[in-house]
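What follows is one chain in structure tokens, specifically the form predicted on its own.
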Amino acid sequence: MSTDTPKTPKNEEARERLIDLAAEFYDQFAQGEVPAMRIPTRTKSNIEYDEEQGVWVYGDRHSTRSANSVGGAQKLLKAVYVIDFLSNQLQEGRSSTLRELYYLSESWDFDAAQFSDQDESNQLVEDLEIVSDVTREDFNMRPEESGATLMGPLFLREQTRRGEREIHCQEDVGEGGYQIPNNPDTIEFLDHDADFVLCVETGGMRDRLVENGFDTDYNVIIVHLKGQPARATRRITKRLRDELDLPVVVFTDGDPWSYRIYGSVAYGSIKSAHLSERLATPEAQFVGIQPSDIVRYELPTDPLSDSDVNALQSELEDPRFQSEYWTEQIELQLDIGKKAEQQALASRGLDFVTDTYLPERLSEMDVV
């Protein structure tokens, strides 16, 4: 484990809620009841698309983790051990990774409390998020992978373990940009000259845009998604939209898996449905690569695989893609049987994406 940011009011609240949860188990014992923990059923069949909010949410079905069986008792035992660990971590102002939690369980004094694999420990942390209504970021839990960045005319203040620092995300950073912290809620936006936010799937395209000065020429904050975006990336994107009132557009490859990357930014993901209100940005628009771009610009392509076709057909039934635009684009892609990467635009020159493609598309969308 390593020292993280100083303790915050949210950390204190997180610790109190964890202790309250443990106290509930104790009270159940004291009243002669079988200890239990009730959580939403975390299956695809219990995920609903909230039309009003435009995000994925859990439905009404719940399951109960009860000590009335050996398996249920073991799950509650593990929950108590994790609550104890997280409570101490927050008290000490420390942080740890999800991977470290899994390995730390091997040192716990009761074998039945140890995790069989990391998926089990990850799921338990998510369960605690749901029942406590506190995010793992406020538990000071970090994913193993990080490093998503943003670049653009944004001035901010961040809290670090060394104190506060103020950063301009163009003038005070290198070509790699500003690295988004695990918990973006430790950031305070001070000022900006941005007109919109552009979320970019691939590192190669992000580097092309920065090298060509697109962030400067169009006053845009470029957020590198790094493929399927991490929670921190989605959280800061939502904050930029909600707090600074900036339009958000998403620029990905032209394949069904990349459309789902857009979907996770705009509508949330099934895995994090309990956090959709914090992570999803329903106002986000898709800028490309569109199947119609493949035809219009005669881009270099790869053929659709069987799994690509199945994914596209599934998206035709997906509530996130139930619009005339998406139906037209997906049916066109199935018809031409091709997919293309963002970098395929380079076939028309290294400046084509910044001089022609994005300006034209963004103008059509009334973003610029």
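This structure is a prediction, so every number in the text was calculated from the model and none was measured. Throughout, we count residues from 1 along the sequence that is shown.
This next part talks about the form predicted in complex with another copy of the chain, which is not shown.
Comparing 233-241, 269-277, 176-184, 285-293 against another copy of the chain in the predicted complex, the single stretch with non-hydrogen atoms within 4.5 angstroms of it is 176-184. Between the options 195, 84, 120, 100, the residue in contact with another copy of the chain in the predicted complex by a heavy atom within 4.5 angstroms is 100. Residue 212 is the only one of 219, 91, 114, 212 with a heavy atom lying within 4.5 Å of another copy of the chain in the predicted complex. Another copy of the chain in the predicted complex is not approached by residue 127, whose heavy atoms all lie more than 4.5 angstroms from it. Using a 4.5 Å cutoff between non-hydrogen atoms, residue 245 does not count as a contact of another copy of the chain in the predicted complex.
Put simply, residue 356 is far from another copy of the chain in the predicted complex: not one heavy atom of it is within 4.5 Å.
The closest non-hydrogen atom of residue 191 lies beyond 4.5 Å of another copy of the chain in the predicted complex. Using a 4.5 Å heavy atom cutoff, none of 17, 45 and 59 lies near another copy of the chain in the predicted complex. Scanning 332-368 for heavy atoms within 4.5 Å of another copy of the chain in the predicted complex gives 341, 343, 344, 346, 347, 349, 350, 351 in sequence order.
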